[in-house]
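Next up, structure tokens for two forms of one chain, structure 1 and then structure 2.
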Structure 1
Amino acid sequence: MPLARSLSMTSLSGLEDWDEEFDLEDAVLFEIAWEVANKVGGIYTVIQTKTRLTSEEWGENYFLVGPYMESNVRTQVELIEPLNPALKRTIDKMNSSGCKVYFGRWLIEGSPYVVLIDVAFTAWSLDRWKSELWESCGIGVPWFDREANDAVLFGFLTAWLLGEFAAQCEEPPHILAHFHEWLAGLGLMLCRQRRLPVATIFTTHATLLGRYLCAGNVDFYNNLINFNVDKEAGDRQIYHRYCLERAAARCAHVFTTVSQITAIEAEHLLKRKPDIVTPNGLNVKKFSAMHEFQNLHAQSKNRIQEFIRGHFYGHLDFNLDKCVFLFIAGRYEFSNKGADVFLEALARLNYLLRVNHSELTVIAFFIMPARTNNFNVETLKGQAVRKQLWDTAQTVKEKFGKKLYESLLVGQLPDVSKILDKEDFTMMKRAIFATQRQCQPPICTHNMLEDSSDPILNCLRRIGLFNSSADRVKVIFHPEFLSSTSPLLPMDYEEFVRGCHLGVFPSYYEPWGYTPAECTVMGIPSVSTNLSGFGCFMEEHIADPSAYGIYILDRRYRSVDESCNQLTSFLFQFCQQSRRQRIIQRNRTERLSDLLDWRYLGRYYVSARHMALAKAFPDTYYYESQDPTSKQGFRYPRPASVPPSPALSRHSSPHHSEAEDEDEERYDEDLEAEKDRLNIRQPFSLPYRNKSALPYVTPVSNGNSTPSSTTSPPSSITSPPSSVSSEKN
């Protein structure tokens, strides 16, 4: 497989086009993960969204392998007979040997083939396989760790599947197996230990030990070199899991992580530098006109405003047209996800807005699932009161309109005092009296089972944010994932995000960060950190992230108090923007969605697969890497106008109100968008070639990159991006 140069680990512009097609006839790709057709966390999203691109590249030779979960299979998988003869013989042989293996199509975009293994059906082999694991690898798994027991069963079964498939193939196959996370890692170890003809890739999306250490409130990233990893894993009773993860990383032909920050973490905790970073992408839906996603924002914002009207009934003493909606969402990890920093920043923002006599109101949503027993009665009552008021207004409006129509028909101007009778006034007065409320609007929409010990509620009590009329910052804690069928806030997550103005994700531990990425592709600005994979990726590819609505919070080199002050500054500057400035910023944010499209980021996985095949089958494939120091990095230049921040804006930046003459503003949306589009190459597919093909060197035509594009070796992962293309517009 001749490649004239390897692919850049960090630069999108370094990935040149291949015009010739590679031969995929004799190569088969198995992608193995516990979250195939089984939603547990973010890896499910990675695999689900990536399969369309991978299916287009590999066609009938691409198979996903995961656990059989009957409830998921009934709704997500169409069971069929395998079309590949060798795979059919493999599954039949395993089923006749006491296993239960199913084959089908996963009903998602791309419709990939899936091989689902029933681990519970082979639980009778658990003790025997644990003994084999101890004898061959020296790793003991305790009986009480159910998740680790599942990993043992799944690992031995996937290794059995790959070994049997290799044996059933009539000609020596070129099998490539990509394993995700420690739950699938044992299968990789067994493939290498048994010397199966399989090229292996291991991807860690977050290290086990890293997640546990960060949850313990340690200064994690600044002390990476000081941790005694064996002791730390043992103290947390995860040493066996850690061993499985570390062994998989060390045994793989190619080891990858999802971000630069996780690569640094893996180097110290797993004792191997990743060969390549494979950032997570999304399937981006582009709109034909810029105003379309702005219209979706307006529609969703109106629905959130309706909820606000009900939630704050009786205390609606602020103008909804002068409201900014902020939100944080994700797993309920109070410190890891940065909820503690966000709350502290909200308290400081509330003070700033009050002392500056701002007319703006900030409403912050916390969408984090916690233990509850039902909806809050007061919250449900608020939505009922709002609906009753709406029905009353519609009734009066209908009667008023009818009398007005009849008056105009006879050629007379209506007497307004006679159009509404006493009954109408009585109905309206009763509706007004119904909106009176003696208590403050609730903070939490549900009844919490652990109200007195809940971290968010305790922090709100400490900082004194109780949704009082004097507060310019209001807080709503929704301890449940959003659903369009909810009687309270009937919106799904995507619709809710589109209706907000800013996503705030000041995470301390976030290997990638799908929540800010989803905000970006929907054109919603967001706050991320230099400790999240997404934040590091954006810092690397955008010269001025804040100009494009990506605010990067420094949580690595600043104290918690300094980080809170910086976040407060970001939020206060955002609150000072005019409506037009926010629209301009959303346009810029949405244009960044190309950076996060799998059509572009998928090529990093292609590079990893090339590398693994070349290492495992050097007689058939090869992969030539070069010194990355000569390569120019790529970054979005600054936009044509100054970033739309009141603290930074000058007369060249759109800073006036929307009523002012736009000719005075040096901002051209079409021109700026066209220049941004030139920074991203058109998507392409990367097929394979066999070794008999001639090497192909792509001439460089882009002035922003140099002739050689390379995959950064492990040693370059920790180095900061030093080359920046000229910031020209």
Structure 2
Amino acid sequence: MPLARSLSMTSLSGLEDWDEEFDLEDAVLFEIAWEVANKVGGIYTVIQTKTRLTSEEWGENYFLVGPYMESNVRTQVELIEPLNPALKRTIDKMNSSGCKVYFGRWLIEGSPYVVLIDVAFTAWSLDRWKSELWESCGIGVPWFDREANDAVLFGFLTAWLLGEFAAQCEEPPHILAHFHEWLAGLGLMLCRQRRLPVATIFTTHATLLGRYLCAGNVDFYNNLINFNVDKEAGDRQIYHRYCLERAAARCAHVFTTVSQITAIEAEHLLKRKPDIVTPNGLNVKKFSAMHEFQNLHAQSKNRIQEFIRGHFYGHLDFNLDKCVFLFIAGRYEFSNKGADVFLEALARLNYLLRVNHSELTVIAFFIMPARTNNFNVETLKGQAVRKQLWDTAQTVKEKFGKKLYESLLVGQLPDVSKILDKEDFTMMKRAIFATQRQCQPPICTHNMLEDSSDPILNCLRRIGLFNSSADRVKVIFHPEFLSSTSPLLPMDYEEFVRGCHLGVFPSYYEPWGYTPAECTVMGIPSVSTNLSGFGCFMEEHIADPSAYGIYILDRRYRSVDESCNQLTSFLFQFCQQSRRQRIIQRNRTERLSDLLDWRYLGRYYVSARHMALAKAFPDTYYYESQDPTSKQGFRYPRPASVPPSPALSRHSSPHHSEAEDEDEERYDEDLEAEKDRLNIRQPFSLPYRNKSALPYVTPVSNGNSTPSSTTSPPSSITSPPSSVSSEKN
């Protein structure tokens, strides 16, 4: 069922036809990346998850090429003899010429073939190859940049491999080589320079320079057009890397990036507009039971609540059932990951909830690893106190039960006044006294090494969120990755995410953004930004993302203050949803996971490959969408030809669901799921106005009595800043 649905969600015109047109029988695909069977960063995840689909498509003609790292090979690769005779000859030839090339199966889903090249073994050729690189394109590589030197070796070896393979084939097949990131990019350049019969694709997952500029707190997006890229790269000592990256982008038959926002970045920093955007997907696990993820949410939420009970012992003056758990997670990059905006919005949310006398409590988790000195004694004590209360209650319960049982045995109703004796009361009183505490519940669960200079803690000090009992927003900073063996919060990341209500990722620089994507697949709504690849992708594909629990913050065209206001209003709206509304929203969110599945997103890679084959071998292959007009659809965010639907800009989920609450029978999940198909935006047609989006016109007229009736009328939500100011009055 989901697959059929996702097929129709395509925004690539003419995609369906290609399968018949493209005969891949005599084509061979090499996918080359430094992170093949070698985990360094995020590219590993991309390649590892994507492989299943690609192997299904290419079968025996699919080879991943990566560096040979002994420790990795021992754990995840089964070395075998190559079955393909041409490849066997190629590898034998290279091994006899002083290389070390291994062949095997990578033991991941799809178990693809891998060709692993021992880069260090050929380090003796480095000088010769560097001279050749210098002769051919005038790029030199500093001796002290080890990574770049590895890239030179890897590049020359992969180009050698491809060239040798082309020579070893009796009837040259159509070789397609897909290179990821600048570390592999040199191989591409050499393929072109040696005029090998290879169709080439280059994918950058982020640009080197963009990463450096954003890390340096440059006003990046506003100045994107104005950067003197050579100078910026040179000043940051990455000129040679930047040249390798840009040269690969220049030489590739097809150049791709992972998101629209990175496409814009690449266009200005690498001076080539990507031919196609190839978003990153996930392998979505399908549950057999229908709403299994909702049950998992409830289970995990209980465990988080347990933790909260211990953490806030002595100050549990809020109702845990009226508690919303928000979280932000990722590398500790304070402003790149948007922690600054999140904190500011939390402070404003706190104010809003207080002036509205809201009963709701928001608990915001910051899961960002920083340098620590192990757990905080106070937080550990909290969990111990909670355990003690639990034990006391269990002891009393047992005694109580025994007395009850005995009294029933003799056929008497128990005398309630005698059933708890003095001793029990003493024990319980002592337990209660133990929960007293003078200090505030801690914010940080660990002892920070740089407590006084930590940006999150300093920001909290400035905005004054100290977990006091008047605060409606409480903050817990967990400066370590989650682990199921932790004595404090014994959950792994996935369980934790499932137990939360909303993930908040207001990143400033995020080429793709796996964190919100993972939330979506687990059915947890999230906030992302139009500067993150994920946000752009969702904005493009869904007519009304916030109804689906995909809140997209505008950080591109708004000032930081306006973005904070917008985020505050998102959070405030989210807090005002009823439990039922949240459940419906989670159902909707979870339905989007098909959109993020490689089964759907893999198509973009397929079309990139076809495009490259058609460019390199125009006699054999023909790619339909060569004319620029049809390519526009997936090259530009939000095609100008599509008028924004009113549903998109004006309304968000509370109002939908609110309307449905009046008439509960109107929420029919299957029906709505069916409609989803239509709600997924088609870039080349007018967006369909979903029926579920219609009733929000009504609530103002028929005085509604749902608990969330305090919501401001929809009109005031139109622009978030105004909604915030109206709430303040």
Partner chain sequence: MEYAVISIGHYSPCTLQIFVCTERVGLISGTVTSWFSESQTDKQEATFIFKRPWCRISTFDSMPVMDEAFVTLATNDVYSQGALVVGQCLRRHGTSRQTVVMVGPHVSQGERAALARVFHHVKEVDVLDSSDRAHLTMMGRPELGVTLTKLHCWALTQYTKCVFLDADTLVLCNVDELFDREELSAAPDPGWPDCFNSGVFVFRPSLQTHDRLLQWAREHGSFDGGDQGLLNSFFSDWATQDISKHLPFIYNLSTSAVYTYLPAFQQYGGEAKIVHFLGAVKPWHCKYDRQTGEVTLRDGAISRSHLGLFLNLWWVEYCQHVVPSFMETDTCQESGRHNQKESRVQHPDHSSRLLLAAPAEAVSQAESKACVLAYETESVEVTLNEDPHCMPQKEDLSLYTEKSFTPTAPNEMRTKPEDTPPGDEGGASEWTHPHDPPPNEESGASESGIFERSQSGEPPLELTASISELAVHLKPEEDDLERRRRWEEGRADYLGEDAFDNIKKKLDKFLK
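Rigid core: the largest C-alpha set superposing within 1.5 Å between the two forms. Counting starts at 1 with the first residue of structure 1 and goes up one by one along its sequence. Keep in mind that this is a model prediction, so the values were computed, not measured.
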Pair member which, unlike the other, is the form predicted alone: 1
K387 C-alpha relocation of at least 2 Å between structures 1 and 2, rigid core basis: no
Is_shifted D92 between structures 1 and 2 (CA, 2 Å cut-off, rigid core): yes
Cα displacement of N467 between structures 1 and 2 reaching 2 Å, rigid core superposed: no
Rigid core superposed, the C-alpha shift at W134 between structures 1 and 2 in Å: 4.3
